[in-house]
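Shown next as structure tokens: one chain only, the form predicted alone.
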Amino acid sequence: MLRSVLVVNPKGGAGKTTLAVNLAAGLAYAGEGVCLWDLDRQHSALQWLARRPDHLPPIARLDQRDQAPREASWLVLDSPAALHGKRLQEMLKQAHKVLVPIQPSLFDIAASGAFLRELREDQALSRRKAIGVIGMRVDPRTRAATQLANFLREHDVPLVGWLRDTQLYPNAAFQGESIFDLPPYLAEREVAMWEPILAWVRNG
């Protein structure tokens, strides 16, 4: 069965593509068959995929769901900004899990409240506990991280994990690589931060 993970936040610059491509790579490193579907007009994820070296665990490009290879078990969808209404509902119907990247700034948090309520109105997702948030570009020990955690408790949405603010992600992306492709002495701490994220995605 092909399971889908939708990476979504209507606010631009939230880190959707960084989250999507590294999630796809993390699943691929675990030996899973992975497809990546880039729905953003900028096609940043596809540019990353085109640069990806052949010797790394493969990730298939997907442009239509029915094109997925038979051996594929995961589909990661990188969504466009300003996604709302009917188009959002269509994508939610396809998703087994929904990951929302949020940066812990006043402006990002304020812009995310209505969107999280919109997601929670999808009763099928709420019953499956299929909505989770990733704190982006933040150290979890900071006051900003605490503010984000408090905000999510108010909205009854789990904080699945954190991605720190580090140049490892953009530097790897220039080479079509992910955090999982870097030498352990560089990325061991970042890879460890992905463990709860991957576990949550796989659960259910």
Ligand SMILES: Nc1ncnc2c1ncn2[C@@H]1O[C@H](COP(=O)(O)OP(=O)(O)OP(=O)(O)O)[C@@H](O)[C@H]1O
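All residue numbers refer to positions in the sequence shown, first residue = 1. From a predicted model like this one, the values you see are computed outputs, not experimental measurements.
Omitted from view is the form predicted in complex with this ligand, to which the following refers.
The shortest heavy atom separation between residue 166 and this ligand in the predicted bound form is within 4.5 Å. For residue 13, a non-hydrogen atom is located within 4.5 Å of this ligand in the predicted bound form, even though that partner is not displayed. Using a 4.5 angstroms threshold between heavy atoms, residue 155 stays clear of this ligand in the predicted bound form. Although the partner is absent from this view, residue 172 stays clear of this ligand in the predicted bound form, with no non-hydrogen atom inside 4.5 angstroms. None of 86-94, 104-112, 117-125, 130-138 except one has non-hydrogen atoms within 4.5 angstroms of this ligand in the predicted bound form; the exception is 130-138. Proximity to this ligand in the predicted bound form, taken as a non-hydrogen atom within 4.5 angstroms, holds for one residue of 142, 42, 150, 67, which is 42. Shown here without this ligand, the chain has only 81 in 69-87 lying with a heavy atom within 4.5 Å of that partner in the predicted bound form.
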